[in-house]
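The chain below stands alone and is given in structure tokens; this is the form predicted on its own.
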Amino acid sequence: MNETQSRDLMVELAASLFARGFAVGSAGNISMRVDDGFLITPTNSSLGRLDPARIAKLDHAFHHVSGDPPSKEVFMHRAFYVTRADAGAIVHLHSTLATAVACLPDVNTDNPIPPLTPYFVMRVGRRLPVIPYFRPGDPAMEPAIKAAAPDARAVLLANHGPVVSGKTLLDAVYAAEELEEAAKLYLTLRGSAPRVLTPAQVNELLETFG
């Protein structure tokens, strides 16, 4: 996929997420690796109204080289890219139900959503840690995400929303969508005693589907 195709795909998928309420206003940001750096949505831009030509371009050192100024949360994306070699794209959303889980004070912050479905495990992985609250744009969030990312493909930012990595932009979007569905199931079943996947079943899924 060349850079023009990557920009067009980013616009298409961002618009789809926006249209379905995964982000509102200028909330959320998306990035992806390209051959000579990274593409990332501009600061204060709406995922529903991106211009492919104005998407910010960063070099391999995360310096802005072209396009509109990048999201003020570049550091959030960098935390995954420098920690996870398999991260080819990052999706940060304020999706309602995943954010709701991130607002609950009594969840297991190491892994708040149990393995209710195989698809959640296949897309999001074994762990979904909750990162302590930082104000939006606070670069102190970066080391906190870096500390969690080696064994987590995604995190929940307390009182903020999910940050999800994937091998490709499609993978990251699919994982973000699956995370929102898992949050819906978790909140629906909260207070009951649902059947969850066993550790052996989780291991089999990760060994089979990575």
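Counting begins at 1, following the sequence as shown. Just so it is clear, the model here is predicted, and its values are computed rather than measured.
The form predicted in complex with a small molecule exists for this protein as well; it is not shown, and the discussion that follows is about that form.
K.L.:
Could you work out which of T43, T168, N159, S66 is the residue within 4.5 angstroms of the small molecule in the predicted bound form, going by heavy atoms?
P.N.:
Selected residue: T43.
K.L.:
With a 4.5 Å heavy atom cut-off, would you call R78 a contact of the small molecule in the predicted bound form?
P.N.:
Looking in the predicted bound form, residue contacts with the small molecule do not include R78, since no heavy atom lies within 4.5 Å.
K.L.:
If we define contact as a non-hydrogen atom of the residue within 4.5 angstroms of the partner, is S71 a contact of the small molecule in the predicted bound form?
P.N.:
Close contact exists here: in the predicted bound form, S71 approaches the small molecule to within 4.5 Å, heavy atoms only.
K.L.:
Consider R123 of the chain shown here, and say whether it contacts the small molecule in the predicted bound form, taking contact as heavy atoms within 4.5 Å.
P.N.:
Residue-level check for R123: no, no contact with the small molecule.
K.L.:
Although the partner isn't part of this model, could you tell me whether A27 comes within 4.5 Å of the small molecule in the predicted bound form, counting any heavy atom of the residue?
P.N.:
Answer yes; at least one heavy atom of A27 falls within 4.5 Å of the small molecule in the predicted bound form.
K.L.:
For the chain seen here without its partner, which of 142 to 150, 169 to 177, 28 to 36, 49 to 57 has a heavy atom within 4.5 Å of the small molecule in the predicted bound form?
P.N.:
Careful reading of the contacts points to 28 to 36.
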